[in-house]
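Have a look below at one chain only, the form predicted on its own, in structure tokens format.
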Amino acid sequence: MNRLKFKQNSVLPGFGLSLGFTVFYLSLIVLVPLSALILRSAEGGLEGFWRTVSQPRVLASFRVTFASALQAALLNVVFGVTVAWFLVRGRFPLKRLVDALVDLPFAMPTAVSGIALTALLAPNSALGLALARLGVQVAFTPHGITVAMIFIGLPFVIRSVQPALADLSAELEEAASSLGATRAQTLWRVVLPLLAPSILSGFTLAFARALGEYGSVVFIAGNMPMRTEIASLLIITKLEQFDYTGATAIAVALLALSLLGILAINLIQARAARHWGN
């Protein structure tokens, strides 16, 4: 009876066939490659796997990668929400052009992004020299990695928040203001709770994108072991040395840590959704 009712309520023709095709397709493009990756990393045994991922150079690359990705994602939340706000609520010349430029990091090859950022912030560039006079060096430091990750992750936050903000009625803010709330109180108690799911989604996307970034980071990072070497670059280095087992071991460890990080963010997002919903 329940089965018949489920079939009658389903709006998708051939639900069983569609579900089977979906599972097969996802298995083919996701599970099979990941399984091959895990099996290749296990060729050296558990002891060999642990010996590879526990090397100081590998641990340092994980630390640099995750710290930079987290910093970039947090800054992207601030910048992304601000830009989205002005794109939705602002009135200024060339607004459509600015809105189109938001997607530029999506369209640009990552290597082009890395070369452009390096040329802009290198110590011998005009901006690099100006920053050097202030005692700040961006290129070839961990700060450069964060800047590159901000550049490629910012559109994710903007495009996640922008539709939610466009659907947010200005009447809610006017009602809060009429009840005596200040602008800060309206922003904190009315606007942000409604935008929280979108903000957390944008943060998750930007964080995940930054973890796997390679092209835009490798040029501006300087790639100094123990200091500015990211995990993706170390995997490429292992492959160039024909150490395929070591490369896959680092890749599996990075994948596991990334999944744990994203899972933690999703749990926070679910808890925040329940909190703001109440």
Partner chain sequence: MKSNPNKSVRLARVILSLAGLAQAGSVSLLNASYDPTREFYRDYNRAFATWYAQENDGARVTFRQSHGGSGKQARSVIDGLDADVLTLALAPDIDAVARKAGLLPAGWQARLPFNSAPYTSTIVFLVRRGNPKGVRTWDDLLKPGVAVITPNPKISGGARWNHLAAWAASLERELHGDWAALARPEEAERVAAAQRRAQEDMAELYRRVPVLDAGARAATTTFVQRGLGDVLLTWENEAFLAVEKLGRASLEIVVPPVSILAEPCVAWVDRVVERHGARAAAEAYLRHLYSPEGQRLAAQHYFRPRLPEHADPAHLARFAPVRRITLDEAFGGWERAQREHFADGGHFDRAFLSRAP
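Numbering follows the first chain given and starts at 1. Just so you know, these numbers come straight off a predicted model, no measurement behind them.
One more form of this protein, predicted in complex with the partner chain, exists but is not displayed; see below.
Taking a 4.5 Å heavy atom cutoff to the partner chain in the predicted bound form, the contact residue among 59, 67, 239, 42 is 239.
For the options 175, 132, 119, 196, the residue carrying a heavy atom within 4.5 angstroms of the partner chain in the predicted bound form is 119. The partner chain is not shown here, and in the predicted bound form it never comes within 4.5 Å of any heavy atom of residue 180. For residue 224, a non-hydrogen atom is located within 4.5 Å of the partner chain in the predicted bound form, even though that partner is not displayed.
Within this chain, residue 203 is remote from the site of the partner chain in the predicted bound form, having no heavy atom within 4.5 Å. Within this chain, residue 50 is remote from the site of the partner chain in the predicted bound form, having no heavy atom within 4.5 Å.
Residues of 107 to 144 placing a heavy atom within 4.5 Å of the partner chain in the predicted bound form, in sequence order: 115, 118, 119, 122, 123, 124, 140.
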